[in-house]
Ligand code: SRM
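Only one chain comes next, encoded as structure tokens, the form predicted alone.
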């Protein structure tokens, strides 16, 4: 069991929080400051929010002896990333009334709004509630938004598999009524006794992530999650999931005890009862054995490596009351979003729109936010978010396709997607500055301009058709999943990035650090050299990731 001595401060906050209530009611109504009371800054994460501030203005405000400019990010719980047209209209209006106006698609298939001042938190949550949307457990030391392969063309069984995202999300929701009492004015029962057998009063040692993949597309980066479920389909019938555990990409610069890790395959499960039971019990093992003293070593990957995979699996089977079967055959051949129009087995149409780094807004180039709003107003499409921060205009009937396509064309959304390079379409960045308190370097604000300078190198070396994955994070916590890309940038300081290469195309191999703390000029020099060597490779079927893995292995052997 986890060491109950020397608990981290966050552990004490959780157990003393009265089931995540803390003093949130009081600190939300405190008019003197834009911030919450210190302990509540941890608790509000469990309600799907982070306290942030505008880091661009810290020095200015400090010089004037003013409080930092605090605001809040609210993230929705959207299992599988699905919204109806009416929910999209609600999201559009709520973003305009309460936040910066930008609808931000995250790398976990949901959306978050930034820049919400303290007095607008409750109205925002209440507005979302009118559209049957919530932010419960979207952040914090609990299971977070459950991912699932997003495109219904993936399989005739997509709907059946997709339903598991919601089932697992409901299974792993905290049982406390704190969210409803604080934000939705639900009356607190004086004699209440909330029993939460999953989380107890401790919750988890750290965040917990689950993803569901439908081969042959690993669009969810299934092995980067604490639990990865890989659908097994035989003779056009869904027969169960291969289940893997222990993935996680966050590290800490200068701390060799931290590392990125891909999930380890545990076995196969063939019934819904067994699948949900195994997911539940993996969470309980992490609850009981996870490190509660050092949060940097608290993810499931460290628990598994400390216990050993065989011991972990034995404990899981003991708690489940059944044994896992041997894994079934599967194959990933791609990891991508299907841009443009595609039709599924039911005859419905789906248009995947490229959204650079997930930021939906109107700017001088394109009125993307307005265009999607007009599409939602037709009530002839729904919306699905991808784990690559794009949006799918979904479930369009044949008779309605022309109307939706005309809107995509008239607002420039179709040409925007069609005219974007393969490299940019396969890029991704985390939020970083100016709101993320952990950021060491820029990411989403910088990556587009860096790609502007990389694209000429791609053209120079005749690599325009190569679907090279390129990802950037502003710190080593891994929200942009840089460690499972073919080209990964990890921020070390403002304007400096570690360059990682050698990841595979489908997300089954971590990349490796190639160069430390490069500035932009050095990044372009290194990529120019790598692209040159790759364009002259002898194996024409080799992906960029596999080629650079050979470069790394050759360098290691020579040393």
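Residue numbers count along the first chain shown, from 1. Since the model is a prediction, treat every value here as computed from it, not as a measurement.
Note that the form predicted together with the ligand isn't included here; everything after this is about it.
Judged against the ligand in the model of the complex with a 4.5 angstroms heavy atom cut-off, the residues 148, 384 and 393 are out of contact without exception. Heavy atoms within 4.5 Å of the ligand in the model of the complex map, among the stretches 273 to 281, 362 to 370, 101 to 109, 336 to 344, onto 101 to 109 alone. When the ligand is considered in the model of the complex, residue 75 lines it closely, a heavy atom lying within 4.5 Å. Interface membership of residue 429, defined by any non-hydrogen atom within 4.5 Å of the ligand in the model of the complex, is confirmed. With a 4.5 Å cutoff on heavy atoms, residue 438 counts as touching the ligand in the model of the complex. Of the heavy atoms in residue 389, some are within 4.5 Å of the ligand in the model of the complex. In terms of contact with the ligand in the model of the complex, the residue from 250, 291, 327, 85 that brings a heavy atom within 4.5 Å is 250.
A heavy atom within 4.5 Å of the ligand in the model of the complex is found for one listed residue only; from 348, 207, 424, 120, this is 207. Residues 50, 52 are the members of 48 to 64 with a non-hydrogen atom no more than 4.5 angstroms from the ligand in the model of the complex.
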